[in-house]
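A single chain, nothing else alongside it, follows as C-alpha cells in the form predicted alone.
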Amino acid sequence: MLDLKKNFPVLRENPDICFLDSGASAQKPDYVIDFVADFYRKTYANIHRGIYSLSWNSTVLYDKAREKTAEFLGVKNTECVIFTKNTTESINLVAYSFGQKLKEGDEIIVSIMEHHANFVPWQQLAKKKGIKLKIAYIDKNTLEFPVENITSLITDKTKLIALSMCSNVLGTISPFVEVCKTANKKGIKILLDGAQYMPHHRINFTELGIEPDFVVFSGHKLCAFDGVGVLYGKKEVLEDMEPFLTGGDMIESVSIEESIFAPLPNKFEAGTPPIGAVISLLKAIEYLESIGLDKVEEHETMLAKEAIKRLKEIDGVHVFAPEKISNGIVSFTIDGIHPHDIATILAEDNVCIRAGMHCAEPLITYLGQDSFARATFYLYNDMEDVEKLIKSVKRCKEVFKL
C-alpha cells in the first residue's frame, strides 16, 4: 500500500482532513510545489522572447514539459502537444477549429456519460450547423459500456466521435481502444477525453496501436497546478485547422495585408502561456512516474473497492459503480437524504467529498437520479480515509434518524 500523505503539504498541515475530492482537483506534492516556487524565485522570465539566460532557461523548461507530455502519452510528434488552460478549453478549441470543417447533415457521436465539457460544445456546434448529434448509452443496469453501443451508431455521415475514456461520475472505463481502432479504419475523427483517465492509468497510444485524432486532459487532476491543459492532435489534422486564438507568438509574420501563422505548436498557443503551470505539469508527470501509474491504479482501486463493499453493507446506501472498477471513483446515495446534505454532514467531520450533478446532468438524469454524492480516492489516500468515510456516512443516518 502506498504511504504518500507526507509528500503533500495540504494533507500534512491538515492531518484531520480526509480529502476525497481528487476527481475535481488533486493535491500537489512538495516535489511540484518546491520546484515551481524556486523557478519563480530564481529563474522566471517570459519564454521564446529573449536570448538572455533567464528567458533561455524558462524556455528550456517549457519545451521539456512538452517533450515529457508526449512521452507520457506515448506519442511521437512533440510539436503536436498543445498547451491550453484545461480540458474544457482543449475541447472547445477542437470544436471551434475542426468544427469549421463540418457541415449540415454530418453526424457526431458522443456518449451519455460525457462531462458537460465534452457534450455542450458538440451540442452547440450541432445546433449552429445542422449537424446530427447521436448519443451512445451505457448499460443502465451494469453501468458498463458495450462497444457496440457506440459502433452501431456509425454511418457514412459520421465525422467525429467524442468519447470520455473514464466517467467522472461512475468510474466506468469506455471501450476507447476498440472504438478508436474502428474510427481509424473508417476514417472517422475521434477525440478522447482523458481528464479522469490520465491521472490514474498508465497509457501509451503507440503501444496500444491506436491513433486518436485528438486527446485532451488537465494538469490539475494529476498533481500539477491549475491553469494548464493539454491537447494532442494528429499533425496533419492540426495543420489543416484554423487557429482558435490569434495574436502574439502564434505568428510567423504580419503585414498590413495579411498574417502568416507559425507552425505547430505555436499556431495554437497565442499570447504568454501559463509558464509556471506548464512546468508544474512536467514535475507532476515526473512525480507520478517515479511512483508508477500501475501502482497508483492498484492502490486507489483497492481503496475504492473496500469503500464500495463497506458502503453496501449500510442499509439504505446505494452505490453506483461498475463491477470492473479500476480507479478511485465512488458515487452513492442514501435513501431519504439529499446528496448535498450528505456532503454537508461529512464536511462537519472533515471528510471532503463532492455532491451534485458533477457536470454530467444527462447521465444522472438517464440513471433516474437528481444528484450523487461522490468520493474519489487517489494515491495519497489510505485505509484510514475509508474508515472515516464509512463512519461519517453512518452518522448521516443518525442525524436524520434513519
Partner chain sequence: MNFDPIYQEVILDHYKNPRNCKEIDGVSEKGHNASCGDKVEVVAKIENDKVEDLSVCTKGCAICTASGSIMSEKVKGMSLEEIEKFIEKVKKYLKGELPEEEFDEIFELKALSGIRKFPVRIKCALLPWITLENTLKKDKK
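Numbering follows the first chain given and starts at 1. Remember, it's a predicted structure, so these values are computed and weren't measured experimentally.
In what follows, reference is made to the form predicted together with the partner chain, a form of this protein that is not presented.
Peer 1: Using heavy atoms and a 4.5 Å limit, would one call residue 236 a contact residue for the partner chain in the predicted complex?
Peer 2: No - in the predicted complex, heavy atoms of residue 236 and the partner chain never come within 4.5 Å of each other.
Peer 1: Indicate whether the partner chain has at least one heavy atom within 4.5 Å of a heavy atom of residue 6 in the predicted complex.
Peer 2: Answer no; every heavy atom of residue 6 is more than 4.5 Å from the partner chain in the predicted complex.
Peer 1: With the partner left out of view, is residue 340 within 4.5 angstroms of the partner chain in the predicted complex by any non-hydrogen atom?
Peer 2: Result yes; residue 340 sits at the interface with the partner chain in the predicted complex.
Peer 1: Mark residue 370 yes when one of its heavy atoms lies within 4.5 Å of a heavy atom of the partner chain in the predicted complex, and no otherwise.
Peer 2: Judged by the heavy-atom cut-off of 4.5 Å, residue 370 is in contact with the partner chain in the predicted complex.
Peer 1: If you apply a 4.5 angstroms heavy atom cut-off, which residues in 90-119 are near the partner chain in the predicted complex?
Peer 2: Read in sequence order, no residue approaches the partner chain (within 4.5 Å, in the predicted complex).
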